[in-house]
Ligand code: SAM
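The chain below stands alone, shown as C-alpha cells; this is the form predicted alone.
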Amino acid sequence: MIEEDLAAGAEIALEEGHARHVGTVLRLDVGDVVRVFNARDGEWRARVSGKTKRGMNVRVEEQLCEARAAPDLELLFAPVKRQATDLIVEKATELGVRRLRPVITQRTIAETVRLDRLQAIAREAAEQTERFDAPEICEAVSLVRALDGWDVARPLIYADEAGDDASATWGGERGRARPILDQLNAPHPPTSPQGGGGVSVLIGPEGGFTPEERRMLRSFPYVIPVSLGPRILRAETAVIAALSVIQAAWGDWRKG
C-alpha cells in the first residue's frame, strides 16, 4: 500500500519499509514485477526500475483492479492489555473494519493507546490481506463522549454479556440479549447494512460493562444488544466473533 497516485508511466520511489520488503523479503531486482495499490487508484502492476542499497524505484504499468472500499463497518472497543489490543486491531482490519474507535469504560484497564503503533499494525494487516485501505484509528475517548451526538439512524450492535440478574448464571433471563443472528435477521431501518447503510459494533473490556453502562446503552433506540453465546469470551475473541457474524450476515462476505 502506497500513498502516491498510481497511473500508467508513474515513477515511484518506495519508502524504506516497502523497499526493504520488496528487495530483501521478496528478493526482487530490476526488471521484476510487483503489485502496488492504494485506496484511491486500486491495484496496479509495476516493475522495479531502480535499486540501490538505500532504496528502490518502481514504474507503474497497468491497472489490475479498480479501488474497492471497505464496508461502512466501525468497531468501538475498550482497550485491553497491549498484546490483546494489538490483536484486536489486526483482526478487525483483516475482517474489513473501516474505523476503529477506542473507548474508555468504567472497567477499562488500559486507558492509553499509542495510535502510531496501532496504525502501523493496521497498515501491515491491510497489506497482508490485500486490502486497498487501512482503517482509520481514532483517539481514545470515554464511552459517554463516543455516544454523544450519535447518528440515531446508525445501528450500534452492543455485545451484552450479562442479563439484569447478576447472581444468575449467564446473566439470568430478564433482560438477556437475543442471539446475534436473531437480531441481525430481524427487521431494521433502511439505514442499516441490510439497506446499504453503515453499522457500528461495541465490545466491552475485561470484566464487561457495569450495570449503569448497560442501562445507559439499552436506553438508546439505536442500540441493538446481542448475545455472543453461553460462554463469556475474552474481549479479543468477542471482537472476532461479532465481526465475523456481522460480515457473514450483512457485510461483504456475501459478495465472495
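When you see a residue number, it is the position in the sequence shown, counting from 1. This structure is a prediction, so every number in the text was calculated from the model and none was measured.
One more form of this protein, predicted together with the ligand, exists but is not displayed; see below.
Asks: Is there a heavy atom of Ser200 lying 4.5 Å or less from a heavy atom of the ligand in the model of the complex?
Replies: It does not: once the ligand is placed as it appears in the model of the complex, Ser200 has no heavy atom within 4.5 Å of it.
Asks: Although the partner isn't part of this model, could you tell me whether Glu206 comes within 4.5 Å of the ligand in the model of the complex, counting any heavy atom of the residue?
Replies: So Glu206 counts as contacting the ligand.
Asks: With a cut-off of 4.5 Å between heavy atoms, is Arg234 one of the residues that contacts the ligand in the model of the complex?
Replies: Flag for Arg234 set to yes.
Asks: So in the model of the complex, is the ligand close enough to Asp133 to count as touching (4.5 Å, heavy atoms)?
Replies: No - in the model of the complex, heavy atoms of Asp133 and the ligand never come within 4.5 Å of each other.
Asks: Picking from 66-74, 22-30, 53-61, 224-232, which part of the chain touches the ligand in the model of the complex when contact means heavy atoms within 4.5 Å?
Replies: Comparing against the ligand in the model of the complex, the contact stretch is 224-232.
Asks: Exactly one of Ala159, Leu184, Leu143, Ile121 has a non-hydrogen atom within 4.5 Å of the ligand in the model of the complex; which residue is it?
Replies: Of Ala159, Leu184, Leu143, Ile121, the residue with a heavy atom within 4.5 Å of the ligand in the model of the complex is Ala159.
Asks: Within 4.5 Å of the ligand in the model of the complex, which residues of 236-252 have a heavy atom? Give them in sequence order, or say none.
Replies: Heavy-atom contacts within 4.5 Å come from Ala238 alone.
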